[in-house]
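One chain comes next, on its own, written out as structure tokens in the form predicted alone.
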């Protein structure tokens, strides 16, 4: 490679790496705008261990928190009679964190919670758990607290966590109304269950447009067709409901005659999936009529502390610095070839974590990045040592580099392929959290292989062609002792 081409290539590589590193690490206000550019690293989704999340408590009908009980009691002010009348409706339960409405929840004769309420609450808790499980979000926790409340922890991985937290509190039967919410077109009755009308609900995204797809049976299709027969002359609204909540309000201006209508409504892939999961659960999941009220959502810092990610980035930076020092001490200026490759590897991993929708950063993901980084460092060192040995035996520098790569190529290639296959297999059979870590490791192995066998070699050739003393550039010496292979 000529010196001019080498110089141009190095300048371009330096600019590209500098831009990528700046994009990934720097956030700054945009001139002449109220907006701000957020770095790639800052928008990477983190699981609850590293990035915190939201939690909310669902209160079933007839159950209120102690805070609400006190606030409602105090709202009566000096009206002692009204206050006592209100307080007489409730009884403190357990540790006093919740109050139960006697008429709705408590069986005063047995002096305990009624069996019917227990059954309804168990069904509601199961339905909520099914919904969050269907979203396949790592780190979600659904647990029963104080015996009769449902607490949900949702890692900070969603763009619209409030939508999920609110929608998944909706309970009741699936139904479809047209004209007004009370004019039911499809609902369970004595003759038919809801499954006689609807098979299920799913989400679809086509060319960046997301839809909720309701899969009607032939009977359901006929019911919708008949209800909307006059829509061309007089437009109306179709309501898809769960209990008393209108989950979808669809303006209709023409007759609907489809088994699988695609319903859009400014959905994102995330919100369409939330709506689809809720509706499908109302059709095919655990049924409950017990109403739930979502308390205020609160944000929790990362389980390992608010500075968790800072320490993670410091640790990754320290690893990069130590690996660079090793290469510079042992191979002098040749360390720049490794450094360029590694500075291309890190932004590539960050971009994938930020823009591949199902990926997020977790402890397993950090471990995957470190392991693939070690793989890359060891592979580069193996090639450098092989070339150094060839030079010590008397070959020219160019010949030594070619022979070193030739001798190491299949060994490095095989290791990368084996690790990539192991990552693919783990991704195929593992649960959500391990799946994410396996996919991150797969990306790391791929980038490691590309950087070692492509980028490092190209940078080495470019930098070495600009050096007058190539052996000094690489810190290679003649006549060094090596054990025979």
Partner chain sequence: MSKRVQTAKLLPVWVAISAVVILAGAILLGLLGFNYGADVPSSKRFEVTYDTVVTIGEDTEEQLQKLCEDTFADNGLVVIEKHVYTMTGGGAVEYVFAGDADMDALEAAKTAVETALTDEDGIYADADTSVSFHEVERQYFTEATWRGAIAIAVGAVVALVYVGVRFGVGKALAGLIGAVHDSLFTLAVVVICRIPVFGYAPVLFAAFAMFISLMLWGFVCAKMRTNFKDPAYVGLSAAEAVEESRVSALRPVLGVVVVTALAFALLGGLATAGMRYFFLPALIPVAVGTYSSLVLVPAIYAQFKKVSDRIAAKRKRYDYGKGKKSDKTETA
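If you superpose the two forms and keep the largest set of C-alpha atoms that fall within 1.5 Å, you have the rigid core. Positions refer to the first chain, counted from 1. These numbers come from a predicted model, not from an experiment.
Here the subject shifts to the form predicted in complex with the partner chain, a form of this protein not shown in this document.
Note on the partner interface in the predicted bound form: the residue among 79, 187, 115, 133 having a heavy atom within 4.5 angstroms of the partner chain is 133. Note on the partner interface in the predicted bound form: the residue among 194, 359, 371, 397 having a heavy atom within 4.5 angstroms of the partner chain is 371.
Stretch 322-330 is the contacting one of 322-330, 343-351, 165-173, 259-267, since its residues have non-hydrogen atoms within 4.5 Å of the partner chain in the predicted bound form. The partner chain in the predicted bound form comes within 4.5 Å of no heavy atom belonging to residue 339. Using a 4.5 Å cutoff between non-hydrogen atoms, residue 441 counts as a contact of the partner chain in the predicted bound form. Although the partner is absent here, residue 433 lies within 4.5 Å of the partner chain in the predicted bound form, judged by heavy atoms. Of the heavy atoms in residue 111, none are within 4.5 Å of the partner chain in the predicted bound form.
In the predicted bound form, the partner chain lies beyond 4.5 angstroms of every heavy atom of every residue of 3-17. Relative to the superposed rigid core, residue 390 undergoes a CA displacement of at least 2 Å between this form and the one not shown. Once the rigid core is used as the reference frame, the Cα position of residue 378 differs between this form and the one not shown by 2 Å or more. Positional change of residue 411 between this form and the one not shown reaches 2 Å or more at the C-alpha, relative to the superposed core.
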